[in-house]
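Take a look at this single chain in structure tokens; it is the form predicted alone.
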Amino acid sequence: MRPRRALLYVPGDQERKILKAAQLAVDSVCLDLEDGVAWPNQEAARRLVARLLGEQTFRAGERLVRIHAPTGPHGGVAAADLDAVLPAHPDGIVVPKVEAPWQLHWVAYRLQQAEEAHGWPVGSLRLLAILETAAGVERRRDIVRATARLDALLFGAEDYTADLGARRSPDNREVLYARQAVVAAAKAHDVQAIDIVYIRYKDLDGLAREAREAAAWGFDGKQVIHPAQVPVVQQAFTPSDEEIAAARRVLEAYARGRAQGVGVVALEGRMIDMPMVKAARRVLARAGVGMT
């Protein structure tokens, strides 16, 4: 599963912004056909996204498209979104406002059809699901099990609080339960958890604090809405040299203990057991490095 420390949304009808995003060293660029595009511009946005996916080289590790939430037996507007962009072969599809497994079943079937029609590897088109309503959060366990194509659960705080009738606060108290419920559901089923957007895009210090908090909670990355947010977020989700060195010491001590037939070993005044070993392995996995 590829890293998604920062997932940058770009309006699908803004060619200048898409071309700028294509040059950024960001893990994921998500070309948005949903909330980022005014309704009269929908068809133009589909054509533009499809054209640039086919013509433009992206520095990003991943090119995603956010479609509309599927509605009704034929998918509603989501069907037109997929008809337009799938032939251009994005790396994956982001499905917003997911409230039931059938929505992911429907999209997954469309992705399978595209793979078969174009001769692409089976399962190569990935899915990411945004939980941003009370119903979606409450059904998270069923949603995360809907399809093997699912790589990540994302949480959308703004729509979620609007759905609840709650008020947004700087400290995110009103979304504490939902954020932690989403990350727990993702980790329980071995998919990534991607944290909320920080809407005060000029406040990079506040963004850094919130991103570090999300990383400490176990999130794998964060959704962003401005290029200036990308390096701040990606740094927050990248272990420091000190963290990497500490993780390696833990694993080395544990390996020595195992070789001596000892299950729990002491290191720097702490007892090293399996939970700490797992945490150390996660640090090295996030850093993309091994033991040596």
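A residue's number is simply how far along the shown sequence it sits, counting from 1. Worth saying up front: this structure is predicted, and the values here are computed from it rather than measured.
A second form of this protein, the form predicted in complex with coenzyme A (COA), is not displayed here; the remarks below concern that form.
Enquirer: Looking at coenzyme A (COA) in the model of the complex, do all three of R4, D27 and F237 come within 4.5 Å of it through at least one heavy atom?
Expert: No, the candidate spot makes no contact with coenzyme A (COA).
Enquirer: Can you tell me if Y201 lies within 4.5 angstroms of coenzyme A (COA) in the model of the complex, counting non-hydrogen atoms only?
Expert: Contact check for Y201: yes, within 4.5 Å of coenzyme A (COA) in the model of the complex.
Enquirer: Give a yes or no for G257: in the model of the complex, does one of its heavy atoms lie within 4.5 Å of a heavy atom belonging to coenzyme A (COA)?
Expert: No, G257 sits far enough from coenzyme A (COA) in the model of the complex that none of its heavy atoms falls within 4.5 Å.
Enquirer: So in the model of the complex, does H68 come within 4.5 Å of coenzyme A (COA), heavy atom to heavy atom?
Expert: Contact check for H68: no, nothing within 4.5 Å of coenzyme A (COA) in the model of the complex.
Enquirer: So in the model of the complex, does R16 come within 4.5 Å of coenzyme A (COA), heavy atom to heavy atom?
Expert: Taking the distances in the model of the complex, the answer for R16 is yes, it comes within 4.5 Å of coenzyme A (COA).
Enquirer: In terms of non-hydrogen atoms within 4.5 angstroms, which of the given stretches 218 to 226, 107 to 115, 181 to 189, 79 to 87 touches coenzyme A (COA) in the model of the complex?
Expert: It is the stretch 218 to 226.
Enquirer: Taking coenzyme A (COA) in the model of the complex, which residues along 138 to 165 bring a heavy atom to within 4.5 Å of it?
Expert: Counting only heavy atoms within 4.5 Å of coenzyme A (COA) in the model of the complex, no residue of 138 to 165 makes contact.
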